[in-house]
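Taking the form predicted alone, here's one chain by itself in structure tokens.
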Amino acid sequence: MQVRVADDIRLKIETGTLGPSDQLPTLDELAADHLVSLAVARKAVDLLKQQGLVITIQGKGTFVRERPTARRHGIDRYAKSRWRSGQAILTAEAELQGHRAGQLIRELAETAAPAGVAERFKIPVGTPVWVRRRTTLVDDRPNQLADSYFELDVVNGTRIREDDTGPGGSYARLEESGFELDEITEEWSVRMPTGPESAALRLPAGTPVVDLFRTTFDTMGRPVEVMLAVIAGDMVQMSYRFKIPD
């Protein structure tokens, strides 16, 4: 029974009868409208929460979740013309879509390379590396926890070790140090968040996260940055356009 009620509400959301931020009827009203018990109505709303379609705000009611409008433009976002002209990648991408972007530094430190990072750098696990841990925000809401790792000889003496990396960000500083950037790999996977991740990203119940491993290589084939980002699943849309390989 709860599936039928949930399906009816989901259809209204998908067709626009219920739009983003619209409030759902109360549980009593849902039960009366669908000729079901209050318990069934509650289970239907819980099912919609699990599907990421609605959120409940204590003391106010249940509302249709707003959907993200900011896109992550896969290949184009790394255009050299952006960061060579002094723009930060995230800021430039957000501004093109009418959004505001920023970041908070969580940690700048020398740390032991975790397994995934060590594998991509091709160094032993535990080797000292430099990490920049940031929380990035779009329109004042956290959208990702981004941790960028660098081998120490790559960043020693650069502003990558400072809070403010300067115009163009880390990529511009790498090129100034003689590492001409040439290639990027991105590896994506989806999972449910941990409790601390849910809190840090302010995730509504039932929202997954996307794990992104990004490795940046120079023209000599050396990996010069490995970034692990945990991205709020309701704030990311991937958009790619590229030539089909022969």
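Position 1 is the first residue in the sequence shown; the rest follow in order. A quick note: this is a predicted structure, and the numbers were derived from the prediction, not measured.
Another form exists, predicted in complex with another copy of the chain; not displayed. Remarks below refer to it.
Contact check for Thr185: a heavy atom falls within 4.5 Å of another copy of the chain in the predicted complex. At a distance threshold of 4.5 angstroms between non-hydrogen atoms, Ala32 is out of contact with another copy of the chain in the predicted complex. Proximity of Arg141 to another copy of the chain in the predicted complex: non-hydrogen atoms within 4.5 Å are absent; the residue sits far from the partner.
Though the partner is left out of this view, Val125 does not reach within 4.5 Å of another copy of the chain in the predicted complex, counting heavy atoms only. The candidate spot formed by Trp130, Leu137 and Val155 lies out of contact with another copy of the chain in the predicted complex, as no residue has a heavy atom within 4.5 Å of it.
This chain is displayed without another copy of the chain, yet in the predicted complex the stretch 79-87 from 143-151, 79-87, 107-115, 158-166 comes within 4.5 Å of it by heavy atoms. Screening Met192, Ala39, Ile57, Ala199 for any heavy atom within 4.5 Å of another copy of the chain in the predicted complex leaves a single hit, Met192.
Applying a 4.5 Å heavy atom cutoff to another copy of the chain in the predicted complex picks out Gly206, Pro208, Val210, Thr216, Phe217 from 202-223, in order along the sequence.
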